[in-house]
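Only one chain is included here, represented as structure tokens and corresponding to the form predicted on its own.
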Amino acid sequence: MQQHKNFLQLVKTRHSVRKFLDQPIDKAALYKCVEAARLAPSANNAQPCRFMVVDEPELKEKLAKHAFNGIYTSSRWVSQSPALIVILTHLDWISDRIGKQITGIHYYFVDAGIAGEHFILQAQELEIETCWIGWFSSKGVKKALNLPHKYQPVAIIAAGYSDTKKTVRRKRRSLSEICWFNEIK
């Protein structure tokens, strides 16, 4: 297993993968990724995120059929991933409702983003490749997984072992384009 020298090196090696080997992911590795996500900070320590790992082929196909139909068909490829991790939020009354009314920010989206990134970076360290999916039918996910009303699907992470050695990393903006000290330039 490749050892990353530091966090920045780990981040630099991470990229989205959309073609995976037909090789299951060890459940212990998936639990380790969820553990990293569980430890993510959240607004008011509400800890709204829940994680449903879908690795059973028939359920993945059902999820893909319902979540990626109509305008969402461009993401249908995810059914070929060895595992799909559905990030759900259980909405907290204070953080979500009151916080949103005061600031206009849906904190559960922020919380899910932080937790999802923790999952993805832990996966990267374990050489499990991922792709964050935000383009899906929320109603379709709820129907396919028979989710109770209190859970809101926020994102899906496709995970597996890459089917290609070629890495395509999109160009990133330079630091000088995105960071300023004390004034916007």
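The model shown is predicted, which means the values in this text are computed figures rather than measured ones. Start at 1 with the first residue shown and count on from there.
There is also a form predicted together with a small molecule; it is not shown, and the following applies to it.
F51 falls outside the set of residues with a heavy atom inside 4.5 Å of the small molecule in the predicted complex. Looking at F109, you'd find every heavy atom of it more than 4.5 angstroms from the small molecule in the predicted complex. At a distance threshold of 4.5 angstroms between non-hydrogen atoms, W132 is in contact with the small molecule in the predicted complex. For the chain shown alone, K19 is not a contact residue for the small molecule in the predicted complex, no non-hydrogen atom being within 4.5 angstroms.
Residues Y31, H90 and K142 are none of them found to lie within 4.5 Å of the small molecule in the predicted complex, as judged by heavy atom distances. With the small molecule left out of view, the stretch that reaches within 4.5 Å of it through heavy atoms in the predicted complex is, among 40 to 48, 59 to 67, 23 to 31, 124 to 132, 124 to 132.
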